[in-house]
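The data below hold one chain only, encoded as structure tokens and taken in the form predicted on its own.
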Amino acid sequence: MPIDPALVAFDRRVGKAPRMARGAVERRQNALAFDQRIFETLAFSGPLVATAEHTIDVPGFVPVRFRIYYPGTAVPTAPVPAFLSFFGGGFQIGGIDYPTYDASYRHRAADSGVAIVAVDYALAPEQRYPTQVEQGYAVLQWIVRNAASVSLDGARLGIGGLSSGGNIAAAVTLLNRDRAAHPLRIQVLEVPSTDLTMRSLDLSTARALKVPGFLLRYFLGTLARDYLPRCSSAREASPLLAASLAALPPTRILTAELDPLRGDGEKFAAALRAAGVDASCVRYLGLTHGSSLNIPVSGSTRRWHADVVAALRSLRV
């Protein structure tokens, strides 16, 4: 199936993405500027909701900042469910201050009635695995221990992420199972990168994207290598290849038809089911990697948003 025509038209309005710069600082400046351009083209800012920011220490690693997006315009007087969310960006760019992510978090909180805890994890290559996973786990620990003081319900928690953020969320979920088994009720992974060995890539999408398959493999492989320290293997940081996937929370995975990483998500769902986990996977036709953030662009992106919101609402039961 070809790319959704509405996405093609939107991409033309936004214009070409900047070339990947060599240095991390310039690369992030370019990415933030491009995200701002996307946000302005969308003309779809997030609703006004109450927010609160926190920075906590992570023993043995760098501190981590996170922002709580509450469902309404004021901090609720009664505890509300919370969902830890991890942004995408190939482990190297992105952040909770990017306009499109900020708008997405606001819409999801307001539409679901669930607080979004957006984790601003450290970026590679300056900080490498397992820093990001340990930071995510530290935020989960903090939320569980301090839930009442920030109007959150520590017994109704979920976790998820997009792309590389999906990798981190899945890794945090595994770590939580093995360490503390805090009550995570649902895991929502969007176009997740679950296999950093690159063996699950679906390069059949390369033709539709008009990119040579070998270039996609090289580019994605470079991102993975920059995330991993020399002493760690790609297998170690690949949730799909974990020794066991048993005893994990119900998982909802969303993939895009025209995304080289769709195999990562679909294989992960199959592996979870084989391990006895309640897991489902939906492939959205005509969409590309990351297009789900552009909520108002097409019927498919609006449906993606609605499906994620429905999954979040399950935390309110």
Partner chain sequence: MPGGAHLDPEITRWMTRARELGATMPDLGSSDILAWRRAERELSDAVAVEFVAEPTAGCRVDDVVAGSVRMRRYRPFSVDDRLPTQLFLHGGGFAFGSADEVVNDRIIRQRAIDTGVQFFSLDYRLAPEHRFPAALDDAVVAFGWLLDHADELGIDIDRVGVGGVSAGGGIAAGLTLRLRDLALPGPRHQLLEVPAVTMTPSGSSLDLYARGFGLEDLDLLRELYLGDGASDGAVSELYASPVDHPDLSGLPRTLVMTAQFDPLRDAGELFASRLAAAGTDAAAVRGIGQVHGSSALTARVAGARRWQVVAANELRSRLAAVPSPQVPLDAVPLSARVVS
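Numbering follows the first chain given and starts at 1. Just so you know, these numbers come straight off a predicted model, no measurement behind them.
The following text describes the form predicted together with its partner chain, which does not appear among the structures shown.
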### Summary
Answer key, its partner chain contact in the model of the complex at 4.5 Å (heavy atoms) among Ala31, Val49, Leu42, Ala279: the residue is Ala279
### Query
So in the model of the complex, does any heavy atom of Gly15 sit within 4.5 Å of its partner chain?
no
#### Entry: Exercise: Gly23 in contact with its partner chain in the model of the complex, heavy atom 4.5 Å
no
### Query
Do Arg273 and its partner chain come within 4.5 Å of each other in the model of the complex, heavy atoms counted?
yes
### Task
Flag Met1 as yes or no: does it have a non-hydrogen atom within 4.5 angstroms of any non-hydrogen atom of its partner chain in the model of the complex?
yes
### Message
Counting any heavy atom within 4.5 Å as contact, can you tell me which stretch out of 32-40, 63-71, 262-270, 50-58 lines its partner chain in the model of the complex?
### Response
262-270
### Message
Suppose contact means a heavy atom within 4.5 Å; in the model of the complex, does that hold for all of Tyr284, Ser300 and Ala310 with its partner chain?
### Response
yes
### Message
Under the 4.5 Å heavy atom criterion, name the residues of 236-266 that approach its partner chain in the model of the complex, in sequence order.
### Response
Arg252, Ile253, Leu254, Glu266
